[in-house]
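In structure tokens, one chain follows: the form predicted alone.
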Amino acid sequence: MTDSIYDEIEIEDMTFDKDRGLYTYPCPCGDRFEILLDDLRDGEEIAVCPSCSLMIRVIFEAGDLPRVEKEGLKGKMEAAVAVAVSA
């Protein structure tokens, strides 16, 4: 598999979309390599380009990955009440 790796990229050089939990990096084909935060947490280190066959290895430390911010049920209920009251 190492023969098909285009490059090795430090995670700090990638762009992180917090809403989608997705790291991206420009691909020479014009699209972007993509890898999900959850995949990185599961030990995956290969980001793929959805438009071509290129792949990159993401260099990172698991402890440096962003923490998961999950909104609890109480927060969702408060938001729903706020919307209902303002309507």
Partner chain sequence: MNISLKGNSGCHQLCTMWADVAASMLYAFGSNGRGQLSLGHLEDAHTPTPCLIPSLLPSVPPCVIAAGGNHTVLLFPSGECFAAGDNTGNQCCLPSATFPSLTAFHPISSYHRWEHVSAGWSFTVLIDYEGKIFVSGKGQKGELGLGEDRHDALLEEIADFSPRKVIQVVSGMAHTLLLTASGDVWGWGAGRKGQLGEPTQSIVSRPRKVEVGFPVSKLDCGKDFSILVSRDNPQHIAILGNDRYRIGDSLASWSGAEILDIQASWNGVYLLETSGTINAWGKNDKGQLPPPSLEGITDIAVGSEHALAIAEDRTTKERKIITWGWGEHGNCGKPGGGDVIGEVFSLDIPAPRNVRIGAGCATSFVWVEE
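Keep in mind it's a predicted model, so treat the numbers as computed, not measured. Positions refer to the first chain, counted from 1.
As for the form predicted together with the partner chain, it is not shown, yet the points below apply to it.
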Is the partner chain in the predicted bound form near all of D17, E34 and R41, within 4.5 Å of a heavy atom of each?
-> no
Flag V48 as yes or no: does it have a non-hydrogen atom within 4.5 angstroms of any non-hydrogen atom of the partner chain in the predicted bound form?
-> no
With the cut-off set at 4.5 Å between non-hydrogen atoms, does E12 touch the partner chain in the predicted bound form?
-> yes
Using 4.5 Å between non-hydrogen atoms, is V58 touching the partner chain in the predicted bound form?
-> no
Can you tell me which residues in 12 to 28 come within 4.5 angstroms of the partner chain in the predicted bound form, by heavy atoms?
-> E12, D13, M14, Y25, P26, C27, P28
